[in-house]
Ligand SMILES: Cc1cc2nc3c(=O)[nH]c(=O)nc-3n(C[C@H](O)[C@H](O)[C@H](O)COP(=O)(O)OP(=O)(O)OC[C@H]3O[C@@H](n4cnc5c(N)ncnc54)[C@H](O)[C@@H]3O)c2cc1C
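Below you will find one chain, with nothing else, as structure tokens; this is the form predicted on its own, and questions on how it binds or moves follow later.
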Amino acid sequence: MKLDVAVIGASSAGLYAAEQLARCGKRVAVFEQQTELAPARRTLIITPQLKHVLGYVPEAAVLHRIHTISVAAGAVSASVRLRDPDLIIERSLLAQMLAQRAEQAGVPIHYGHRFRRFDAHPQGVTLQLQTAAGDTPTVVASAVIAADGIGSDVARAAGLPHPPTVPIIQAEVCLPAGWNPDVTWVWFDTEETHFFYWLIPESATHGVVGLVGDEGIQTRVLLEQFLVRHGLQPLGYQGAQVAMYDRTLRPWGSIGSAPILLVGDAAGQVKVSTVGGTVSGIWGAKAAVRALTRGTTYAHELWSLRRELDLHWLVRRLLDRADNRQYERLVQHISPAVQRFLGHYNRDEMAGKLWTLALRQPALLLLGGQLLFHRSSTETPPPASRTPMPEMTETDH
């Protein structure tokens, strides 16, 4: 089989890249090691920027919409009303929809095909694959897009490092009585995690409570304790190991004359401030498609995405130094002017705009400067400060 581009991995980023390449007239195929497209269920909260990167809203995968995000630290809380609602999306439904679109564009998706190795070829690169039946087909491609996740076999074969990862776990729950399904809540408690807890409604009656884990911490135990404290019963669990952006990594390489471009989790294209990677992963796929169709470099096409991810990396570095008291101050500084800013600009379009927050709330700039010289909260645990579950009503915003 001779291809212009071989896409390894039927992830959202890989499927989107394949569809776009086919629409540009490229001979492209997707090779997925699983025997069917059946990713584990996972509820995602995604910014409306998804419409910008896809060019449409994937309505078939949308479970719910959220118009308000509320954050709490200790006894302090603040809410942000979103101009454009966040989308609550079921990951498996999104993948199935993207696969259907790719096939409609003429992309063959070969399931049960695992990538094994590369060999240089005069026309690019030879890919050695192994099928679920034990066959070993060979594919010649002028370029390769690796969309095969955090432990990317393609990255390993190309000598490219894997991104760091963290565990994420969510419990499916019934929403508490009186809970407003229009609101997502986020709680900060640095004694338990330097990330955060969340409750995301996915319908009028159900939602997910989640936590991003720290290294060496028993993430599920922490989440179960959180559920008990707030009187919530898990109906089921969703879990994964997810990639984190590392600004020192370069998600590209070559074998002979063939460019090897990593996208999505394989490239660590994830906002480390919120551990969200759907929009940024597809953004990376768009950059790879532009590079291969325009004859430019992937590094050049990634510039705007890396700028956004670098900003989130800096924000995460600062937040990792915060303790509970400083998080309380941060929430207290979410003034009406800050609320309007955060409601207008979503989390995937902060580069070039976040600095204007200093004009709206100079105290945030001062707090950021203090965090630069503050020891990490994981080094010196602060006194216990438990965040209560808010009493919600239908009029809360």
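Everything quoted here is computed from the prediction, not taken from an experiment. Each residue number is its position in the shown sequence, starting from 1.
Below, we turn to the form predicted together with the ligand, even though it does not appear here.
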Is Gly239 one of the residues lying within 4.5 Å of the ligand in the predicted complex, judged by heavy atom distances?
yes
Would Lys286 count as a contact of the ligand in the predicted complex, using a 4.5 angstroms cut-off between non-hydrogen atoms?
no
Just to confirm, Gly276 within 4.5 Å of the ligand in the predicted complex by heavy atoms?
yes
Taking any heavy atom pair closer than or equal to 4.5 Å as contact, tell me whether Ile8 reaches the ligand in the predicted complex.
yes
Looking at 179 to 187, 108 to 116, 222 to 230, 287 to 295, which lies within 4.5 angstroms of the ligand in the predicted complex, counting heavy atoms?
108 to 116
Checking a candidate spot here: are Ala13, Arg42 and Gly149 all in contact with the ligand in the predicted complex (at least one heavy atom each within 4.5 Å)?
yes
Please pick, from Val173, Ile168, Leu249, Val76, the one residue with any non-hydrogen atom lying within 4.5 angstroms of the ligand in the predicted complex.
Ile168
With the ligand left out of view, which of Arg321, Arg91, Arg81, Arg306 would have a heavy atom within 4.5 Å of it in the predicted complex?
Arg91
